[in-house]
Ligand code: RIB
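First, one chain by itself in structure tokens, the form predicted alone.
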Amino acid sequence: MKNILVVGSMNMDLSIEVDRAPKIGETLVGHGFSTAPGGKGANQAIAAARLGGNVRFLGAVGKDSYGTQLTENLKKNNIAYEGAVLENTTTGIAMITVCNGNNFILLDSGANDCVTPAMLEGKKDLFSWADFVILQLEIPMDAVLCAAKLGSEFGAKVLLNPAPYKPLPDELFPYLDYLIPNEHEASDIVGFAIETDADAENAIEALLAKGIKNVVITLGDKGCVYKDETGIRFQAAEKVKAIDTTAAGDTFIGALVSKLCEGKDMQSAVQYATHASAVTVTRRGAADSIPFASELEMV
């Protein structure tokens, strides 16, 4: 079993369901309100751990009840929390509106904004320990760049999920062994819309030309596209009834890394990740919807 370090965000998700999206200034009656552990970093860590990884997490929470719940939830999922608990800020919050299986999310970053290069430099032993470093963009960009450099310096494979999208510095790309954007994030990076298969193929080549070693672009209910030693491949999504897509992308990444850590090739890892994310969208919630390896029939 290889070691996975996730550097990223933790949020408490406050979710409510509505039958349609509200208009500006309109008040709608929703239903099904819930609170649940979330954050792209924590979700990806839980996915990697539930699907076989040996995971540690590096981030920040506030010294409040939400922070306690989030770190305890990591422990329940056999993830060691190696981050900070901060006195003078609040834990990150995500306000999620679920409408017909799709979601709209507002973030208050809180303690996630306090993940700094200095904090990461003080945790070099974690980067030395790691075989894989997973990153997202719910922490400051200078911390993302620092984590990518440290991972590369110590010989770990570095994966970035560029979400929520922010412009990426060119100096970041050569440190990335894997970039996993969705089609909208990939479009923002390459500067053109991804509407056809040809667009997706061109986007893959444009991203690889930046110095990134491997790229997988997720395409929602159309599946994903990637390039391996045989060329560009499209992987179809599984046909399921989507109830809540909140953690689908995070599950895909955790599942992909878990299989890469087992020595599987890209095609096998992508197929497994596609299956895992299909299971996730049939369940409500973020971290709570992520499956365990024992629940997945595919190996």
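The structure displayed is predicted, hence computed values, not measured ones. One rule holds for the numbers: they count along the sequence shown, beginning at 1.
One more form of this protein exists, namely the form predicted in complex with the named molecule; it is left out here, but the text below deals with it.
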As a check of understanding, the residue in Val55, Ile253, Ala247, Leu58 with any heavy atom within 4.5 Å of the named molecule in the predicted complex should be identified as Ala247
Within 4.5 Å of the named molecule in the predicted complex, heavy atom basis, the matching stretch of 183-191, 118-126, 93-101, 198-206 is 93-101
Problem - Lys40 within 4.5 Å of the named molecule in the predicted complex, heavy atoms - result: yes
Review point. With a 4.5 Å heavy atom cut-off, would you call Thr280 a contact of the named molecule in the predicted complex?
Key: no
query: Wondering, does Ala276 line up within 4.5 Å of the named molecule in the predicted complex on heavy atoms?
result: no
Quiz prompt | Contact flag, Leu86 vs the named molecule in the predicted complex, heavy atom cut 4.5 Å | solution = no
Residues in 97-132 that come within 4.5 Å of the named molecule in the predicted complex by at least one heavy atom, in order, are Ile105, Leu107
